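We've got the same protein chain twice here, in two forms, each standing alone as structure tokens: structure 1 and structure 2.
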Structure 1
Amino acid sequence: MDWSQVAWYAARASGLVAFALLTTSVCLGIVLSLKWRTLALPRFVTNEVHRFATILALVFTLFHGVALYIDPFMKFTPAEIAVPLAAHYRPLWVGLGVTAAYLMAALYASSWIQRWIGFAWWRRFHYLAFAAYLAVVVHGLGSGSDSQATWAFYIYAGSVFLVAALLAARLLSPDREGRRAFAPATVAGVGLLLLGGWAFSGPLQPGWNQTANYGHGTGSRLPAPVVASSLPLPFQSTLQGRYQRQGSAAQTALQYDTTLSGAPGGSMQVRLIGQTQTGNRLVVNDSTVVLRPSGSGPVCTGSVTQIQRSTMVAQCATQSGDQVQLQIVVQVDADGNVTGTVDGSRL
């Protein structure tokens, strides 16, 4: 296993652990508000575990950010990890993770200032925990490479089911005056249906990467283009680099990490994700192509649209408006060395 694989596994594992800890924290928070307690589990213990799960979720979020930063394939800059919507990869969905991380830190820190702001304001602020939780669910599904794996589906569905069941118990139990919170319960129910509808029509569908990177719903929220120049089109370059195959048969990722000689220079990464079938055949259900020209040329991001033996056809777009078709021909030797060519033309 090489460095890029370690970083990729670490980023996904730490994200999922942070999510499990956040689920624990949110569930314990609702249990605390339900005032369920036993002699074996007095309130201060539940409270301490609730706070500990939150801080641990933040620690794993930090690992998650560091793992993404050191991943040589994704090449995230510190600003992309720290600033919502700044990421070159699935900007909106990654941005929700960044926002949730800040919100989680603020919720944790709010207990330090509770005595100055008063319990009522602290409590109102604390309701934002649901926004942070929802943002993380959407972030994980929208930006994770495992969202379409069956095991990942059970993790997300199990967590949402637990939180929704506890929330229903909380909102539909009578308060001291015997009132039940039907209106918030209805809003939560509608939210749950919308979340399910979005998940099944978006991240759980093949080709989500294309949508998540440019399509409807993300493009309009991107900051104004900062790159003025455009790609020199058409171009023809030779490429060389490394190839690696990682993951299990159920979730395989093939990665081509190459540098280009001749215009536009720079580097090109291709990642194919899918299932390995008999005969080592990969059924691709998601892909990413990132072409980074040398100098100040604009980054072109997209996905593979067609694969035939050693030829891949991809489409990518730059923030300065270039729509590019790439024809990539690769040969891989037994040691994982890649050579080949890439032709770029305007779409």
Structure 2
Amino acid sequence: MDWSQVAWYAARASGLVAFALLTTSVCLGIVLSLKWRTLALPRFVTNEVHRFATILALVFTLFHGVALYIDPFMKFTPAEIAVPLAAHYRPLWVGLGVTAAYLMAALYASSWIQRWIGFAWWRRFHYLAFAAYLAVVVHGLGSGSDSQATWAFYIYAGSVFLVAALLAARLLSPDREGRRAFAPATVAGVGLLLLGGWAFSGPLQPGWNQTANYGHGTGSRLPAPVVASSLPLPFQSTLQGRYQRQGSAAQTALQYDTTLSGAPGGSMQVRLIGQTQTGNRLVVNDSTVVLRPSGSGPVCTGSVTQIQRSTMVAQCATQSGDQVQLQIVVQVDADGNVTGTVDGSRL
């Protein structure tokens, strides 16, 4: 396992732990507002556990950001980690995570100024905890590489169900005057349905990476392209290079690094990421195709749309506006040497 994999696993694990701790903190906050108490867990104990879960969630969120920063594959800059919408990788969904982290820090710090702002305003400010929680859920589903994994789905679904059930109990519990918050409960229910509809039509669908990251695949930092008028289309080139397989069954990466002979020449990299199943078959979740023509030709970036045995069909686009379909045929020998052909045509 190389350093890139260590950093990537650390980032994924710390993000999931932070999410679990945030879920715990939100649930305990609702329980405290419901004034549920037992002899085994008096209110002051629950309150301290709530605060401890919140600060631990912040610690693991910080660790998550550091792990992403030191990951040599993603190559996030400090600004991308700290500033919402600044990331080159899935900027909207990553930005929601950054915003949620700041909200969590502000909510924790608000306990220090409660005596000056008063309990009523402190309590109103704490409603932002639900906004932070929702932002983290959308961040995890939208930017996480494990969103389509069955185990990840159960983690997100279980967390949302638990928070929603406690929130429903809180909103529908009568206050001192016997009133129930039916309107907020209805809004929360509609929001939950919208979240579920978005998840099942977006992050949980194949091909989400193409939509989520504007066609830039896994988000690896690419060299700045030299923009030219267009690619010479159609073309057919032979290719040769190397193949490598990294990771585990839960997260496997296949990479083909090849050079092209004939027009347009240059190089092409294909990277497939997914889970290995029975028979060593890879179920692909994300992919990247980068075609770098020789000379001043425009770089074409995109993703694989279809795989059938040794043939891959991909689509890529250039900054000059070319929309290209690639048919890639590869053969890999026992030593990891790659040979084959690539045909390019205009979409």
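C-alpha atoms forming the largest set that superposes within 1.5 Å between two forms make up the rigid core. Each residue is numbered by where it sits in the sequence of structure 1, with counting from 1. Keep in mind that this is a model prediction, so the values were computed, not measured.
Between the two copies of this chain, it is structure 2 that is the form predicted alone. Residue 91: CA moves less than 2 Å between the two structures after rigid-core fitting. In the core-superposed comparison between the two structures, the C-alpha atom of residue 111 has shifted by less than 2 angstroms. Relative to the superposed core, residue 290 undergoes a Cα shift of 2 Å or more between the two structures.
Look at residue 329: with the core superposed, its C-alpha moves 9.1 Å between the two structures.
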